[in-house]
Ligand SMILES: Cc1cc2nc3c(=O)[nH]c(=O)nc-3n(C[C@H](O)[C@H](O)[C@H](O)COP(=O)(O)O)c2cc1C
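This document starts with one chain, in the form predicted on its own, laid out as structure tokens.
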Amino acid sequence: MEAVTDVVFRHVVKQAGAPDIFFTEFANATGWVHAGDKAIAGRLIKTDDEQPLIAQIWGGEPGDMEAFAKHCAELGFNGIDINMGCPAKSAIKSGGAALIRRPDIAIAAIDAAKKSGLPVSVKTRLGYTYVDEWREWLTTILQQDIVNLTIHLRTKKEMSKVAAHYELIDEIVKLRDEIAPQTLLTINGDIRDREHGLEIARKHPGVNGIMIGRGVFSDPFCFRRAIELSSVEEAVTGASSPVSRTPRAGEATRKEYSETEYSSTIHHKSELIALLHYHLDLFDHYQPTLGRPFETLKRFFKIYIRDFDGAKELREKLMHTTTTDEVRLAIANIRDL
């Protein structure tokens, strides 16, 4: 997710309960080609303990996509995910969901990214304006022999204002099986946590993975396993913060979900506060490299300060802080429930 799943927050999520695959924030290819690293503002900064990590990129100029994808390969990423679903006005000027209306550019962008030598996947939506656009649009993408297709089960116009269209999952699986059975299929939209994702996968055979994005704001522990898997490897991953299933570099076989049952975990206030302290420490550590202002931290406070008496008032107080030390001081006297 833009301005969310940077190197700092990915490590916070890893501490809380790691997904199987991480995605970067999406970074613009044309911006990087013309202005270098300053144009992507630390979006590709990573560490060796984030494995596997997929670089999510976007853009509408195939030549720029090729150059940027090759740069990502040189940086050691495990794959390239092309964002063809972002509805933000800044993105649809030259990429994102705009490519739904420009299938020729979408095809060229995929071909260009493949020249990096990395596995290439696509994240998109059902359509631009109407839900019934999904069949023609997804057919076009599936014909490109990508390793994984992640579908946010809404249109660009719907944003996140309506419920995700789970009723289409089985039809989408059938389309994938007919056109590109080698392509893994990941579902995104309204998924609360790992348990919920596994439930969806069990109800809809053929789904290979689940991506959680905004759900992490309701539960930073959403990727945590309640009990360990036994023998069947399963792939449940996080998103552009974003659980998305994209294969590891070089992976060619499909793996189905285990039938192992999961149970929800209620997270104590003390655990959330400890995670906030960890977030603050990481922010201080990476801020000189990322160059991101303190204000960017404030979007995360609602993750940790919630569901207890006085939480609203404390969040309002934190919104007036100007340093991480002020935040630490404000939460120092919180007593555990």
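When you see a residue number, it is the position in the sequence shown, counting from 1. Just so it is clear, the model here is predicted, and its values are computed rather than measured.
Separately, the form predicted in complex with this ligand exists; it is not shown, and the next lines address it.
Interface residue among 188, 208, 155, 148, judged by heavy atoms within 4.5 Å of this ligand in the model of the complex: 188.
At a distance threshold of 4.5 angstroms between non-hydrogen atoms, residue 120 is out of contact with this ligand in the model of the complex. In the model of the complex, this ligand sits within 4.5 Å of a heavy atom of residue 213. Taking non-hydrogen atoms only, residue 26 approaches this ligand to within 4.5 angstroms in the model of the complex. Contact annotation for residue 299: at least one heavy atom lies within 4.5 Å of this ligand in the model of the complex.
In short, of 189 to 197, 133 to 141, 67 to 75, 107 to 115 it is 189 to 197 that has heavy atoms within 4.5 Å of this ligand in the model of the complex. Taking a 4.5 Å heavy atom cutoff to this ligand in the model of the complex, the one contacting residue in 58 to 96 is 83.
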